[in-house]
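Below sits a lone chain in structure tokens, taken as the form predicted alone.
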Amino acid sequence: MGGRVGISVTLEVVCGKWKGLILWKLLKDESMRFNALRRSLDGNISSRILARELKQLMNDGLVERIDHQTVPPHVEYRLSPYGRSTASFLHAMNQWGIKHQEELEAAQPYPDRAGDESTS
């Protein structure tokens, strides 16, 4: 590792706006076609960005591309066996996110009134 802290390596590989979500979807759905994966991300990711993120995840050994050699083309993406090793910390991140959201909501019971001086 050359002196790099493990968490920094992990964050470099799985963080960003989309990589964690892509891994999470593939963990939940086993394998997905490109457009199904894109739709599952609420369609908020462009095809170009999704292709780039998948390529990076494949280069890191976390995702596999399965080409069924059919006409028309049928390609799916799934977590590699190594990619499945992310399951424990993806679940932990999901649980932490749920708890954090609950904490935020409890601390601000009226978020639509934040900064509204007229209600005081």
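We call the rigid core whatever largest set of C-alpha positions still superposes within 1.5 Å between the two forms. Quantities reported herein were computed from a predicted structural model and do not represent experimental measurements. When you see a residue number, it is the position in the sequence shown, counting from 1.
Another form, the form predicted together with the DNA, is not on view; read the next lines as being about it.
- Proximity of S46 to the DNA in the model of the complex: non-hydrogen atoms within 4.5 Å are present.
- Within this chain, A87 is remote from the site of the DNA in the model of the complex, having no heavy atom within 4.5 Å.
- Within this chain, N35 lines the site of the DNA in the model of the complex, having a heavy atom no more than 4.5 Å away.
- The closest heavy atom approach of E53 to the DNA in the model of the complex falls within 4.5 Å.
- Relative to the DNA in the model of the complex, residues G6, I98 and A106 are all farther than 4.5 Å at every heavy atom.
- Residues from 66-83 that approach the DNA in the model of the complex with a non-hydrogen atom closer than or equal to 4.5 Å are V71, P72, P73, H74, V75, Y77, in the order they occur in the chain.
- Shown in the overlay between the shown form and the other one, fitted on the rigid core, is a CA shift at P81 smaller than 2 Å.
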